[in-house]
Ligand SMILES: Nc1ncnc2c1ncn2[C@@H]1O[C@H](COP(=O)(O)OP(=O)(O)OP(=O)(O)O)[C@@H](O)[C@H]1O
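Shown here is one chain on its own, the form predicted alone, set out as C-alpha cells.
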C-alpha cells in the first residue's frame, strides 16, 4: 500500500525554483532517505511534505488522502528535528507526552503510551530529568520518543544525527534502523551523509539542484547509478572516472584513454556506443587490487592491469587507500588493510571490470547494461 506520494511537486522562493517536478512514492514500512549536497532541496522537500512550506504546484498524498493544503497537525505526521526542539522547562516524561496532553488524551492512556515508548528507546530512567541534564544522544532519543508516542502515518527526520559525534552517530544510526525494523514504521529521512543513506534506507532519492537524479534501492543506486553525479556522490571514496574515446578493436569495444586501452565490460550494451564517442569509464576504488595479492583462481573474465607510482597512502585499519594519477586524473584504490605499500613507489594493479560502468561524456548518463541473454535494461524493464 502506498503511504506517501508526491506528484508533480514544484517549489519556488520568489523567482528561484528550488524543487522541480518531484515525483515519487513509497509504501507502508519503507525507509526513504533523501540525500544530496547542501542546497539540493532535500530539506525543502521534507518541509513541504510536513506542511511547513507550501508547494508552488503539485500534490502531497498521505495514505491516499490529499494533504497538500492541510496544516502540519492535520497531516498525521511526526517530525524529528536536527535541533531536538525539546521544551527546556519540562521533564522528559512531559516532553514525550505533551502532544497527547494537548490532544486531550486520557491521563492513564497517556502514561501507558509514554511508558511503552520509554522502554522501547531505553530511556525509562530519564523520565524525571530535564533536557539540560541529558547528553546529545539522550536528547535525540527523547525527540524520537515524542514523535513515536503519536503513532502517525509517516515519520519525518531532518538530519537528526548531524549534531552528534562520530561514534554516537553510528550508534544512533543502528538504533533508528532497529526501531524501524521493530515497528515497521514509514520513514522519510534527510541527510547529506551517503553512508547513512546506504546503511539505513530501503529506498533512496538522490537529489541535485532540486531534481531527483535517481530513485531506487541502495544496491541499485550503488551498482547502477543513472549518471556521473550519482556515481561519484554515492560511495566513499568516490567512483573513479577516466575520460576516453570508445573504439572498435576487432570484434570488441575498448575505451582508449591515452596511455592504454581498456576493454569495455561485457555487461555494457555496446549497441549504444558509436565509434569515436567520448565516454567516461567508471571503476569503484574497492575494485582495484594489488596484482601481487590477486590469486590466479580468483581472476574473473575481464581485468585491467597497469602500473602506477603511488602519491599518497591513507591507512584506515580495515583498508589502505592509495591515491595516484592516470593520465592526469586522480585515481583511488581501496586496498586490503594488510597491503604493504608506500608513497613514491611503483606497484602493479589489477582492476576488476565486473562492475565497471561506462558513461556518455556529453550527457553524463550511464550506458545501459545487458543481461547474460543479451537483453538490455530497457528490454528487461518492459
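Numbering follows the first chain given and starts at 1. These numbers come from a predicted model, not from an experiment.
Absent from the display: the form predicted together with the named molecule. The rest refers to it.
Proximity to the named molecule in the model of the complex, defined as a heavy atom within 4.5 Å, singles out one entry of 269, 175, 286, 159, which is 159.
With the partner omitted here, the residue from 350, 68, 313, 43 that has a non-hydrogen atom within 4.5 angstroms of the named molecule in the model of the complex is 43.
Contact annotation: residue 169 falls outside 4.5 Å of the named molecule in the model of the complex, judged by heavy atom distances. Taking non-hydrogen atoms only, residue 192 approaches the named molecule to within 4.5 angstroms in the model of the complex. Remark: residue 18 counts among the residues lining the named molecule in the model of the complex, judged by a heavy atom distance of 4.5 Å or less. In the model of the complex, at least one heavy atom of residue 39 sits within 4.5 Å of the named molecule. Listed stretches are 332-340, 314-322, 31-39, 57-65; the contact stretch with the named molecule in the model of the complex is 31-39, by a heavy atom cutoff of 4.5 Å.
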